[in-house]
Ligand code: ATP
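Next comes just one chain, in structure tokens: the form predicted alone.
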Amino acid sequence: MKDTFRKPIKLGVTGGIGSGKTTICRIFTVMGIPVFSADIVASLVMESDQELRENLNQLAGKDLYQGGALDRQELAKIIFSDREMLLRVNSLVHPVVFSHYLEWAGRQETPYSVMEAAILFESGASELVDMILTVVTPVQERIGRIVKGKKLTEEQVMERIKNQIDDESRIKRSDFVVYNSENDMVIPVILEIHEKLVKLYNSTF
């Protein structure tokens, strides 16, 4: 009974804003690997978790939900201009997201599953996974992608980059690195990582 109690490997996928984490994770999804997006779940729980909503309002000193939904622009103004406030907001949101992740991960039956998180290391989520993949893209290319998509201005992108650790620090703490510049071929690299993880799972007793 080699694998009766064997658990799927938990892979964390991270990278700086605009690095293409979500694109990389779509490749895993196409291969049948379940992906948990910490950023999406964080957005959902900030809307649906009543206790969290109340705590965020108390921290901000104002009602961030006047229109019924979270005023994300107002929250962004608060947290990206004040690092201490960012840390305090994260300390409220992250435990709720982590709880959802662990419950989700416990239900997966594939050889491995993926947790996609922009601030995997900064949030402490790196402690919840078994292995880590970092997506690396040159900073100017990352800025260009976000600005071109008209999601943020260059100044806003730079604010977020300042609040994330640098690629060198991520790489040192990762098991896999995927370079995702315009000229990089990422699918063969992802397939190789996939094969390694499946092989590792199958060799576990």
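Quick caveat, the model's predicted, so the values are computed rather than measured. Residue indices: 1-based, along the sequence shown.
If you look for the form predicted in complex with ligand ATP, you will not find it shown, but the lines that follow are about it.
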Problem set entry | Heavy atom of residue 145 within 4.5 Å of ligand ATP in the model of the complex | yes
Exercise. Does residue 192 reach ligand ATP in the model of the complex, with heavy atoms at most 4.5 Å apart?
Worked result: no
For this session: Mark residue 151 yes when one of its heavy atoms lies within 4.5 Å of a heavy atom of ligand ATP in the model of the complex, and no otherwise.
Result: yes
Exercise. Using 4.5 Å between non-hydrogen atoms, is residue 12 touching ligand ATP in the model of the complex?
Worked result: no
Exercise. Does the trio 8, 125 and 130 actually contact ligand ATP in the model of the complex, every residue with a heavy atom within 4.5 Å?
Worked result: no
For this session: Specify the contacting stretch among 45-53, 176-184, 62-70, 27-35, defined as having any heavy atom within 4.5 Å of ligand ATP in the model of the complex.
Result: 176-184
Exercise. Considering only 154-175, what residues come within 4.5 Å of ligand ATP in the model of the complex, judged by heavy atoms?
Worked result: none
